Every structure is written in structure tokens, then in C-alpha cells.
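Starting off, we have a lone chain in the form predicted alone, written out as C-alpha cells.
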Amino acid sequence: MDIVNTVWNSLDFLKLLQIVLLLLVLGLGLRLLQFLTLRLSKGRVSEQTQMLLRKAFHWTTLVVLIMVFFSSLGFDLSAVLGAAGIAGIAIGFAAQTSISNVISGLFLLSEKPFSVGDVINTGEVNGVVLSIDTLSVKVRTFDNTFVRIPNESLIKSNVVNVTRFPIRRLDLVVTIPYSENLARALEVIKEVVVVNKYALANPELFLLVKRFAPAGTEVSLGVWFEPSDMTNLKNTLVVQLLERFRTENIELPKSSLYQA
């Protein structure tokens, strides 16, 4: 209450008008600077970086306006700034993890291993990136749960960007019994892949006789697809292979078809 009374008693109408005009001009100037910076950086930096720039300008503007307001009223801010500096050092020691996350976030923004909207796998988390913030990355998993991952954890661990490239490859292993015609089985696999609407013709099917296993000859097949078709391709391809092998009277041993 003492501070409020001091401020009120020290004000007159003219001084109040000058302070308001000063804050208004200063605020508009900082907003103009923000607009020009974001306008010039558009298309050159990611949307996530622009969001961080907006936050930085917002808090900088707020702090500057508050300091100018009290300075215009005649308050000596040196003592406040000195105390803030000491407090900042103490907080800095206590917030080393947060600082590490901020630095890690800058590395993520500069390295760009993934962007908002990408599907990533890291540890046990598998989902869509919602945001890349100063301290953490927000992810929505495919069972619709929200996960917050500290930036430092992402820097220190392996991160798989599932949707980084426009096409991917599904790798399956099929075991053909020694009693069956291996050449014919390979032709059947090719024919099934060709008619599958989710399999890409280019790049072409990767087919390799992998090894001689106890139950039969293991054959590796790699089928290229667009990331959005992964589930449809896997479901339809497995069903089509089993049905076609049954039609051709090619009997497969148990656990003979699995993903590599």
C-alpha cells in the first residue's frame, strides 16, 4: 500500500499523460519490430522458431514497459536490478536442468531432426509431434494420450522420425519349407505384391533368399509404401500372401511369416 500511495501522490495529470504516451509509443515500436522480424523470417525459419520468437518478444516487451514505467515515476531500479541479479544466480544454480532443456531445445531447433506434425519413436513413446517448446516436446500418442518429453532427454536418446521421408519400406520374412518349390514361392510373392494397391511399383520389390533355417528357407521381402498406408499395406499383404499360398497348396510352417 505504501508503494501505491507513493505512486499516486507523485503523479499529476500531465506527468501521467506523458508516461502513458511514452509507454504507448514504446509498445508500438516493439510491436513493429516484432512484426518486421517475423515477416522477414517467414519462410526462412520453421513455424516453431517463429512461435519462440513471438514468446521472446512478448516477455521482453512486458519487462521493458514495466521498467520504463517505474523509472518514469522516479524509482531507482539499480537496487532492484542488483537484487534480481543475485536472485538470478541463485535460481540459475537451482534450475540447471531447466537451462539444460533450454539449450537442448535450441539444438533441436537448429538440427531439425523432426518438425511439428511428424511421427516419432523415442523410447516407449510413439506419436505425433504437437509442439517443440523451450523446455520440452509435446507428443500425442496413437492411443490419444498426451506426453511431455524434456528436450534434454531427446538430445541424449535415439529418435526415429517415421515420416521424415516420403516413402518407407515394410520388411517381412517368409519361411518356405524345403518340401515346397522355392522358385514358385518367389514368383507367388512377386505376383501378390504387384496386385496390392498400397505397394509402390517404384522402387521395386526387394526380394532376397536370406538363409537356410531349420523349418525351411527364409526369404526377405521389402515392399515400399507411402507412410500413411503402412497399416493398410501390412494387413492386406499378409492376408493376400496367406490366401495365395493356400491356393497354390504351399504349406507354411508355424511362425513362418513375421516382420523383420
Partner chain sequence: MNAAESPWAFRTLSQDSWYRWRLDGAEVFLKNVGSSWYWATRPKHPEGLRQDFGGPEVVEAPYDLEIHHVLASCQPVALRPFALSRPFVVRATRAISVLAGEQAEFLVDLPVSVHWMTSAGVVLAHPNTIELHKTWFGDTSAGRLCFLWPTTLEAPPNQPYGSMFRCHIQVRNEGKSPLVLRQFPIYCEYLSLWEEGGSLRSDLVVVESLGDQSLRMTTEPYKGSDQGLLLYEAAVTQSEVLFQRGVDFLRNIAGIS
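In this text the structure is predicted, and so the values were computed from the model without any measurement. Residue numbers count along the first chain shown, from 1.
One more form of this protein should be noted, the form predicted in complex with the partner chain, which is absent from this view; the next part is about it.
Enquirer: Heavy atom within 4.5 Å of the partner chain in the predicted bound form: which of N196, Q34, T217, S220 fits that? Just give me the one.
Expert: By the 4.5 Å heavy-atom cutoff, the listed residue in contact is N196.
Enquirer: Which residue, A213, A201, L208, M67, is the contact with the partner chain in the predicted bound form, using a 4.5 Å heavy atom cutoff?
Expert: So the residue touching the partner chain in the predicted bound form, by this definition, is A201.
Enquirer: Heavy atoms within 4.5 Å of the partner chain in the predicted bound form: which of the stretches 181-189, 102-110, 116-124, 162-170 has them?
Expert: Going through the listed ranges, the match is 162-170.
Enquirer: Hey, in the predicted bound form, is F57 touching the partner chain, heavy atoms inside 4.5 Å?
Expert: Close contact is absent here: in the predicted bound form, F57 is far from the partner chain, nothing within 4.5 Å, heavy atoms only.
Enquirer: Only counting heavy atoms and a 4.5 Å limit, does any residue of 216-237 reach the partner chain in the predicted bound form, and if so which ones?
Expert: Counting only heavy atoms within 4.5 Å of the partner chain in the predicted bound form, the contacting residues of 216-237 are W224, E226, D229.
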